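Taking the form predicted on its own, here's one chain by itself in structure tokens.
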């Protein structure tokens, strides 16, 4: 680890703002070890730091190397702005994170990607459209980037994984305080099959202040952001703002005019802040992703049972019991068939043990 990276990690221990860290780093030569020479530089830093920040740095002055060892044992990789693994797209945003704490496949940071964000309390319409668009975009080779929140974020991450795609989750806190706890299992899956990143030191607890700030990373990692469903005050609109500020594409799926969960998406389309999209191919065309030559996408030949089920639910959502009554199939056989169709991306399971065509 070069001295410049070590200095960033040392200052991160105090959870100070990026602007303050950048100001401090500019005050010293890049090869001056701030931790090793803390006694000497403390008088210079004192006017810039709060009492809390100063005390934290003093606490880690002598045991910081142990912290680095703990990171390694926990499988945490450090990707600083000086690293070859740091994505060029992220360097181009305003106030890029000086370093990313990573768990998983760091190579995904440099793969073509798209952000998919939206409401935490998404409607059934939002669930279906998020799953449908995510599946197509993931199968086209794009890494799906989102924030591990409930609702749209979780559906996007899970759909990518279910379709053997890749996904990146950007946290609003440290690895030792994954939020929300309801998504901890999904977090573990992404660590294993994708990548989880945070600009926050692992012991940092999530806060309301952190989440809008981390959204700049979600937008900054990608060339485009898709908002599948968002209310008037959805946090996804912060991601939209960051994308626009940094010259990235913004896409939005129109929603029902009677749905409060679609007020945000409908408004940004109306205000020409997003490109209206009704199918994934429109996004792929804008991002110049060649779908025809993509080998990940496959078709599934429907057997007579699957075709019967699909035709039955094509027009509207049907419950498991309704499908069972219509097909006359035994419960276990029907459940197996429905699971197979979900895995193949033919239908989507929604709330209430119901299914709808994808």
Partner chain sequence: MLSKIMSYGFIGIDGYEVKVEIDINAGVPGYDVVGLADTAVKESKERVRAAIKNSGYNYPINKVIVNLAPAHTKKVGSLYDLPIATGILVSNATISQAQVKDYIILGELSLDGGVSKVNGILPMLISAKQRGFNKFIIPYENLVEASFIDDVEVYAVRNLTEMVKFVTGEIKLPNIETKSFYDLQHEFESKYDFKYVKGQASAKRALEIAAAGGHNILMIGPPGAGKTMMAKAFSTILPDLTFDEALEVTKIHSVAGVLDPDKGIVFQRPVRTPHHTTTMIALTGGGHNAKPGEISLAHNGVLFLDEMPEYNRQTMEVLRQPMEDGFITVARNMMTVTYPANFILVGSMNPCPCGYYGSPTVRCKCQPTAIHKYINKISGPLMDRIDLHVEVEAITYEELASRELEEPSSEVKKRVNNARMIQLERYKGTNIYSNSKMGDKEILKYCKLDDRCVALLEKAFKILNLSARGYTRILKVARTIADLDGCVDIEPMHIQEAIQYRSMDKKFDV
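Computed from a predicted model, the values in this text were never measured in an experiment. Between two forms, the rigid core is defined as the largest C-alpha subset superposing within 1.5 Å. Numbering follows the first chain given and starts at 1.
One more form of this protein, predicted in complex with the partner chain, exists but is not displayed; see below.
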Work out which of 174, 151, 194, 231 lies within 4.5 Å of the partner chain in the model of the complex, going by heavy atoms.
151
In the model of the complex, the residue from 30, 48, 27, 331 with a non-hydrogen atom within 4.5 Å of the partner chain is 331
Please tell me whether any heavy atom belonging to residue 344 falls inside 4.5 Å of a heavy atom of the partner chain, as the geometry stands in the model of the complex.
yes
Residue 17, heavy atom within 4.5 angstroms of the partner chain in the model of the complex:
no
Is it the case that residue 155, even though its partner is missing from this view, gets within 4.5 Å of the partner chain in the model of the complex, heavy atoms only?
yes
Going by a heavy atom distance of 4.5 Å, is residue 39 a contact of the partner chain in the model of the complex?
no
Segment assignment from 103-111, 203-211, 158-166, 267-275: heavy atom within 4.5 Å of the partner chain in the model of the complex:
158-166
Are all three of 35, 65 and 198 close to the partner chain in the model of the complex, meaning a heavy atom of each within 4.5 Å?
no
Residues in 323-343 close to the partner chain in the model of the complex, defined by a heavy atom within 4.5 Å, in order:
325, 331, 332, 335, 336, 338, 339, 340, 342, 343
After the core is overlaid between the shown form and the other one, has the C-alpha of residue 15 moved by 2 angstroms or more?
no
Would the C-alpha of residue 53 be classed as shifted by 2 Å or more between the shown form and the other one after rigid-core alignment?
no
Is there a C-alpha shift of 2 Å or more at residue 329 between the shown form and the other one once the rigid core is superposed?
yes
How does the CA gap of residue 259 and residue 322 change in the model of the complex versus this form, closer or farther, if it moves 3 angstroms or more?
closer
